[in-house]
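Just the one chain here, the form predicted on its own, laid out as structure tokens.
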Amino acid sequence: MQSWDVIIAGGGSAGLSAALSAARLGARTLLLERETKLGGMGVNALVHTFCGLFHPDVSRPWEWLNPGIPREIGQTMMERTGQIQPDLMGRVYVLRQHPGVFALVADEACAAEKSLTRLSGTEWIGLRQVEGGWEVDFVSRGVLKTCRARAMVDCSGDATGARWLGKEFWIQAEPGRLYRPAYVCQLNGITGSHEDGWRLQTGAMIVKGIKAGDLPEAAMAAQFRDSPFAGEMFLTIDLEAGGAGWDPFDPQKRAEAEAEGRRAALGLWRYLRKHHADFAGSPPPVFPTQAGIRETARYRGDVFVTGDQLAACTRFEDEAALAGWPMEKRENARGPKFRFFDEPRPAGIPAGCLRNARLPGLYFAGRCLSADHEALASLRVMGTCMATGEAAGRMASGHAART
């Protein structure tokens, strides 16, 4: 059985940052990722914006909110995509990112850390607390293996470890309130300029197609955003995914949601190729590896961050990171409902929402940190996940060094 200082489960924004953070502090670190590419939703689901990287006060020039790995990855993305500043969208700054570039940046960052080993195509299937740390079971290509670590970081996005350890360690919103998944695809060969007037015209065209029966109702939720590269665009469709019957842990419902997204995206592509000159030369869409899941289960930590605390810009003595993205609630496929902070100032994210005293040496970050349903609408975005992941990796490395 191999032993490590720190094992990270999940190589999305949080897991990548946790692994880099722990390895840079000297911990022998193992990163487990079920897909073949790191980057999580930002690569495999084609989520194409980094949200939560910037200070929430848009009345002044943009500035990075969290130092360290979020800023490092954000700056690298800007350089690789030729951007000199983020986009101002209403009351928020966002950075357009490219999934392919993000995957490459993640590979390069991991390769530079000699204390870090990554395994891809690896499914985490078991967790046990043992003397001196944690045992982790995983399977790769049908082969079952077990490793041991002094500290563990769950960045699975699903609170996977907590769901194995017992109901007292996790929580999940009722199905009807779970934030809806998104289906994103990449469109190439797009011409023209895509300002607000273009979006209104295209939206009216889609409504006409739905009324005529040429498009499915799901197309009503379509959003278009330009890639950092010319001629490329991302199409996002929020899915009802069965409404109150949505269960992100049910493989059949996941398959149905994925199929719903593909049908809507392919139908839109065919319709726009026929009716919109800017799409006339577009080849078939590039589909994601998976739909973009916004919410599943979360840990019960020492601290439970609430939406009211974020709105009040609450700060904490043991802050692990800062939150600056508004609460972007998507409980249906009709678009987001934003709850902005009361003041254009960041809120604190306490270290206590990344750990549980009853589980020493186990930390959690990203989408499965300890927060209520409303707070998650802010804390789940990629820029903030990078910040909480870095903090959890730092905490895990410190625990491993002490034991």
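All values reported here derive from a predicted model rather than from experimental measurement. In case it trips you up, residue 1 is the first one in the sequence shown, and so on.
There is another form of the same protein, the form predicted together with a small molecule; it is not shown, and what comes next is about it.
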Under a 4.5 Å heavy atom criterion, is Asp318 part of the interface with the small molecule in the predicted complex?
no
Answer with yes or no whether Ala19 is in contact with the small molecule in the predicted complex, where contact means some heavy atom within 4.5 Å.
no
The small molecule contact at Val381 in the predicted complex, heavy atom, 4.5 Å
yes
If we define contact as a non-hydrogen atom of the residue within 4.5 angstroms of the partner, is Leu32 a contact of the small molecule in the predicted complex?
yes
If we take heavy atoms and a 4.5 Å cut-off, which stretch out of 339-347, 57-65, 352-360, 366-374 is in contact with the small molecule in the predicted complex?
366-374
Which residue among Arg150, His98, Arg118, Arg294 has a heavy atom within 4.5 angstroms of the small molecule in the predicted complex?
Arg294
Please identify the residue among Lys253, Arg80, Arg263, Arg225 with any heavy atom within 4.5 Å of the small molecule in the predicted complex.
Arg225
